[in-house]
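So this one's two forms of a single chain, laid out as structure tokens and tagged structure 1 and structure 2.
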Structure 1
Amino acid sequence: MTTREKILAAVLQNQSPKNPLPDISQFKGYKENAVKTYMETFDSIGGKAFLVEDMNATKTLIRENFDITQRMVTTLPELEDIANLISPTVDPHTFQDVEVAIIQAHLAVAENGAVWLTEQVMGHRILPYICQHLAVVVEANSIVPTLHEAYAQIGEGQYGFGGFIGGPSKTADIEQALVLGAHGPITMTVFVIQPLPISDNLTT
């Protein structure tokens, strides 16, 4: 047995006993307050959140809050009448003049206001970072209270590129001056879709 093999064998024989993973169940939040908490948190980090009933209400707010004469792109076929529907195979160099990008998130996190996006919903990984204004649609029932619960859902997923995005791009590390859009979108807007209960629909 060589010296190297003896060392490796000694290391193998002197392993620490395995310990169980810590119990993190206490980090679970309250699902019933997740939507309200998310919207308050997102507002506090510089974003703007709207609670909407459906995609038609989202379209109305997009027309009211963005310059629709500028280039708008989306990955959502439902918004094709107000924005250009892009293909995942499009050349990313053509995104340099995108004013507004509208995409859908897999989920959102109430405790920090972030949304979880993968390349699948981005259309192209550069899109949410190169546009001037980012708009994200998320279903209310996909909002989780904490990051622990978000990771429980995405931890074993099969995807390539993905990331959490929380609010507009900003930095304040130069003479304490807050700069928006330093590395990405100047603004970020989230449309939380929460359909009215059936009983409310019947009374309207």
Structure 2
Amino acid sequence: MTTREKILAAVLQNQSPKNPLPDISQFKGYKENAVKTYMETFDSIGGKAFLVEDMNATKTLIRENFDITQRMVTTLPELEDIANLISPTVDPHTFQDVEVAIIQAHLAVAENGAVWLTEQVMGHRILPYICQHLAVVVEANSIVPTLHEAYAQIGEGQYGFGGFIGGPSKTADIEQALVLGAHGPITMTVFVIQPLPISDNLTT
């Protein structure tokens, strides 16, 4: 008998009488105020969130907030003039000196401040973890209330790797003192893109 067969046989023999799965469809949050809740939550976990009108406003803020003389990379063609577009085929170790990485998230979760990224938008799996500072762009209308709506949207997900990232890397292992920037980014900034309503545009 192989180890596999041995373990499976023991499990089959010892498992409890059948218990049904509970219905979890009642769990959901509210879409109202999702943007405001998201931004407040994200700030409370050590991140910095900006509400911006478009990609141009994002660029301005990136220039103001980061050291643009250092290596900046992105997966977004719209940001090519301020950061280098990365190639998906390069050796992951070459990202070690990336100061800022700018990527777009699929969605964000209001209740916990996290953004959902798959390797497709990361460009490379290591990028959001190895950079010194992480900047993420997310559309306001892609902010969902809780993880339940997030997983409903992600579905099975066509990715080899995906992750929720909720703030800068942190540790409190030394006497419970909070330190931002353990192994991953020291800061995380999220730009929430919410175009002004057309009526507002006309009045300005």
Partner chain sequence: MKPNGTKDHAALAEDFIKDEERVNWHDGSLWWIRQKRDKAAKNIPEWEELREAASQIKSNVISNLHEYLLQFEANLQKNGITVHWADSAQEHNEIVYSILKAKGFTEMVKSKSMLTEECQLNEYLAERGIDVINSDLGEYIQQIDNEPPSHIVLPCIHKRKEEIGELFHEHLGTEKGLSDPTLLTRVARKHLRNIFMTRRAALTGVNFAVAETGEYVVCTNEGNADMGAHLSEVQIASMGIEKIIPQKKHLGVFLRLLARSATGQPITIYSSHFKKPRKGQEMHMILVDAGRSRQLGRADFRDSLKCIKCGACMNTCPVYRKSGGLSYHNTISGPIGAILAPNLDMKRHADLPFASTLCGSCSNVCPVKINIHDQLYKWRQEIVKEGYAANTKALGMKAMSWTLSSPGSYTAAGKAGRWVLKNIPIAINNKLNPWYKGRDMPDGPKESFSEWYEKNKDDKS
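Take the two forms, superpose them, and find the largest set of C-alpha atoms that agree within 1.5 Å; that set is the rigid core. Numbers follow structure 1, counted from its first residue as 1. Since the model is a prediction, treat every value here as computed from it, not as a measurement.
Working note: structure 2 is the copy from the form predicted in complex with its partner chain; the remaining copy is not. Positional change of residue 26 between structures 1 and 2 reaches 2 Å or more at the C-alpha, relative to the superposed core. Once the rigid core is overlaid between structures 1 and 2, residue 10 counts among the residues whose Cα shifts by 2 Å or more.
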